[in-house]
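Have a look below at one chain only, the form predicted alone, in structure tokens format.
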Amino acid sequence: MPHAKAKPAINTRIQARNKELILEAALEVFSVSGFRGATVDQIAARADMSKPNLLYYFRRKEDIYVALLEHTLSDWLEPLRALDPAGDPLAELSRYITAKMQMSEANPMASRLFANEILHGAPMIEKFLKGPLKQLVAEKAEVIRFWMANGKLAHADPYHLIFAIWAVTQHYADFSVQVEAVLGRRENGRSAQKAVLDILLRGLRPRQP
């Protein structure tokens, strides 16, 4: 009887792992074929599971696509959530920018898939953007505004600062071919991070009295 109590936890772990496998497979398929060209059969084959088994977790291709985008967004937003109002502003922003660049570099396919969704008007994740994303950005904009009001950062529009961070940090994933073409080489991650930190944070340093 004691073993029976452990089954739900085991099943939950298996289910979570299977969902993760499906999303990993879906990212590869959507990245190659796009949303319209991708099929549930392709995703199931890539995940090495039967189509009925996959449909147990996700009823439609649209559900997989939305879950993948929301999962990507949730991961990307975690460093933003971690901005500590009590921390040193430049150190907190430096950590956030570095984390974003590392995540984009580590998973460029997810970055490009998300960018493509936005370019098409974000029909699948509009509710997420106008709900959880908007609320989180508003909360962190207030943190940045608080730092500025207390003389810890130079004054700037906190929303547009966040937009600028997003644009720059994802540029190296979404436009890696362009970066490499202009530089004539593949940019070193650490070198890019150093340059971006210097450019973005230099103007935020508070003026010394």
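Numbering starts at 1 and follows the sequence shown. Here, rigid core means the biggest group of C-alpha atoms that superpose within 1.5 Å across both forms. None of these values were measured; they are calculated from a predicted model.
There is also a form predicted together with the DNA; it is not shown, and the following applies to it.
Colleague: Going by heavy atom distances of 4.5 angstroms or less, which of A45, A141, L55, A156 would be at the interface with the DNA in the model of the complex?
Modeller: Checked against the cut-off, the match is L55.
Colleague: Identify which of E28, D174, D41, E180 has a heavy atom within 4.5 Å of the DNA in the model of the complex; exactly one of them does.
Modeller: Residue within 4.5 Å of the partner: D41.
Colleague: For the chain shown here without its partner, which stretch in 144-152, 57-65, 157-165, 180-188 has non-hydrogen atoms within 4.5 angstroms of the DNA in the model of the complex?
Modeller: Heavy-atom contact with the partner occurs in 57-65.
Colleague: Would I14 count as a contact of the DNA in the model of the complex, using a 4.5 angstroms cut-off between non-hydrogen atoms?
Modeller: Contact with the DNA, yes.
Colleague: Examine Y159 after superposing the rigid core and state whether its CA is displaced by 2 Å or more between the shown form and the other one.
Modeller: No, because once the rigid core is superposed, the C-alpha of Y159 moves less than 2 Å between the shown form and the other one.
Colleague: Tell me whether L200 is among the residues that move between the shown form and the other one (Cα shift of 2 angstroms or more, core superposed).
Modeller: Comparing forms between the shown form and the other one, the L200 CA shifts below 2 Å.
Colleague: What happens to the Cα distance from S33 to Y172 in the model of the complex: does it get closer or farther than here, with a change of 3 angstroms or more?
Modeller: Relative to the displayed form, S33 and Y172 draw closer in the model of the complex - a change of at least 3 Å between their C-alphas.
Colleague: Closer or farther: how do the CA atoms of S33 and F175 lie in the model of the complex, compared with the form shown, if the change is at least 3 Å?
Modeller: Note: Cα gap between S33 and F175 shrinks in the model of the complex.
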